[in-house]
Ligand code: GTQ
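Shown here is one chain on its own, the form predicted on its own, set out as structure tokens.
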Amino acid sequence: MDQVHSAGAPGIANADEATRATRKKFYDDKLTPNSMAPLWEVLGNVVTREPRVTTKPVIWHWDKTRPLLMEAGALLTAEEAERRVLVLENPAYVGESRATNTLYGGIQLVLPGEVAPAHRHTQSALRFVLESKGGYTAVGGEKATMMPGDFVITPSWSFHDHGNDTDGPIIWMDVLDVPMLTFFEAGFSEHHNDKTQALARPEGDALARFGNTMLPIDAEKPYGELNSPVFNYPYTRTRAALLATAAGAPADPHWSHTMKFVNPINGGWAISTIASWMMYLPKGASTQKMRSTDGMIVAVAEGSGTAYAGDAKMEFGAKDSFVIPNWTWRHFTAKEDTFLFFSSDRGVQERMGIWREERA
């Protein structure tokens, strides 16, 4: 009982041995058979003074990830696998398909001439493109060419397929809110009747309508109130915007030069459950320590440097992926001009009113 008491209400540990035995008999004989338990014995685990972090900092280096992915590509086709992905499995959650406590991460491959068949699911997804000569994804009846650094979203319950009509592989990082939907036991999925969905709009239609600081006079919300109608945010635009803002204002000591991907309809995050943003760190720059309650999956679009997460030190290069645990002090240094793509569950936490940040 001593171990249980240590997590209980403060006064529990002061009880003498006879009292403990009497209470244990009550728990075992009366509460357990009635599917009840004493809160006072576990209160310290239920209401903690601050977050108890289980996610571990971990990095996946591109020079190891890519050869493994290409080897998997020789073992089975994209159609056989439906989605040929190497899961980014955090050591804290072995066998659970989690990169952080709330987010799934993976690296996906589509080889030349392949199609990953059309399907849809209630899990929301994003893609951050690591390598491509011009492969594509199709979302909700519109095709989009995917180039390195592009940020692509797949809103909940929207049909999507991926294809590669180039002579080189297309590889991207997937981030999905799978653990959240698993927690709620609210996951559904469905295959399309055809291998690829019929296209209803020309490529670039969504970006033209919603991505130019203007909106249609009667703007529709094709993916609901909380998801962006733009599903491809080209890296060329993102990079240019960050460089322009860096030229016009000094870097924030904690965020350097950072811009978030937004839903142009309401100004919120591009995906309702997964917040995403890009940070630009000029060569030689460092950020100051900060921490927040959202765990992060990070992909390196360009550059190299060091990410610090608590006591962990992770040397990163272009196309590497790594995790920053929630409520863990973090900061970054850049050996060269560096662009980092982040995703987290911050959007959900903000709407719940529980997101918190602390700056050193």
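Don't overthink the numbering: it's just position in the shown sequence, from 1. For clarity, every value in this text was computed on a predicted model and none was experimentally measured.
Keep in mind that the form predicted in complex with the named molecule is missing from the display, and what follows is about it.
Of the candidates 119, 260, 239, 201, 119 is the one whose heavy atoms come within 4.5 Å of the named molecule in the predicted bound form; the others do not. Proximity to the named molecule in the predicted bound form, defined as a heavy atom within 4.5 Å, singles out one entry of 269, 231, 104, 128, which is 104. Though the partner is left out of this view, residue 144 does not reach within 4.5 Å of the named molecule in the predicted bound form, counting heavy atoms only.
The shortest heavy atom separation between residue 176 and the named molecule in the predicted bound form is within 4.5 Å. Using a 4.5 angstroms threshold between heavy atoms, residue 98 stays clear of the named molecule in the predicted bound form. Within this chain, residue 276 is remote from the site of the named molecule in the predicted bound form, having no heavy atom within 4.5 Å.
Heavy atoms within 4.5 Å of the named molecule in the predicted bound form belong, among the stretches 285 to 293, 217 to 225, 81 to 89, 202 to 210, to residues of 81 to 89. Although the named molecule is not shown here, in the predicted bound form the stretch 146 to 175 places heavy atoms of 160, 162, 174 within 4.5 Å of it, in sequence order.
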